[in-house]
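The form predicted alone is given below as one chain in structure tokens.
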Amino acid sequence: MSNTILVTYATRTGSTKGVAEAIGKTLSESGTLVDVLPMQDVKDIAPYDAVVVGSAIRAAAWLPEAMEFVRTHRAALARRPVAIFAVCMTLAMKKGDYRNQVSQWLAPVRALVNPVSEGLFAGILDISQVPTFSDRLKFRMSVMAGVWSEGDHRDWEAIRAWAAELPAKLQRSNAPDESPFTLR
């Protein structure tokens, strides 16, 4: 193996890509070798010692291609440490704490893999990127009602802090004398 972590993601509008890139950058700053790739570009995870898998949330679920990625690579993922993350605008709602609710939306992922860590992050609300007129109208009304605001709601400090904890968590998943990562 190449002592490398794969950070892979599924996105609709690029918000999750930005989160994945920040995770990859933070991991590489710890001395870990990292590849950050969209899921459709990952054909084999055999070269990787650990995998970080993330997806945008739409309709209270990971994107279909993210679920398909986990199903397709389930056996290989079971042989290495895995961390998962979700990017979801529900986490940017102004009233209430929705972390538990969003965490529950990851239950289908947990049914396929046993993550060593989970990251939950707000994304970007750009109504012009919402695909259907009816959904754009709903978002505009919810913005007018003060449910949330348009803009980039990603908390870069929280994303980097979560990523900074990953090498230790991914190492703990291995036998003490079999740690594949060398931190510099």
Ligand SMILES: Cc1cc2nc3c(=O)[nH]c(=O)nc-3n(C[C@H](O)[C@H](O)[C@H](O)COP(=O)(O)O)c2cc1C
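Nothing here was measured: the structure is a model prediction, and the numbers come from that model. Just count from 1 along the sequence shown to find any residue number.
Quick note: we don't show the form predicted in complex with the ligand, though the next part is all about it.
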note = Answer key, the ligand contact in the model of the complex at 4.5 Å (heavy atoms) among A60, A158, V143, L33: the residue is A60
query = Can you pick the one in E29, E150, D135, E68 that has a heavy atom within 4.5 Å of the ligand in the model of the complex?
reply = D135
inquiry  = With the partner left out here, check for me: in the model of the complex, does some heavy atom of P47 sit within 4.5 Å of the ligand?
reply    = no
message = Against the ligand in the model of the complex, would T11 count as a contact residue? Criterion: heavy atoms within 4.5 Å.
response = yes
message = Check P131 for me: does it contact the ligand in the model of the complex (non-hydrogen atoms, 4.5 angstroms)?
response = yes
query = Contact between A56 and the ligand in the model of the complex at 4.5 Å, heavy atoms?
reply = yes
query = So, V82, W162 and Q171: all three within 4.5 Å of the ligand in the model of the complex by heavy atoms, or not?
reply = no
task = Check each residue of 80-102 against the ligand in the model of the complex and list those with a heavy atom within 4.5 Å, in sequence order.
result = V87, C88, M89, T90
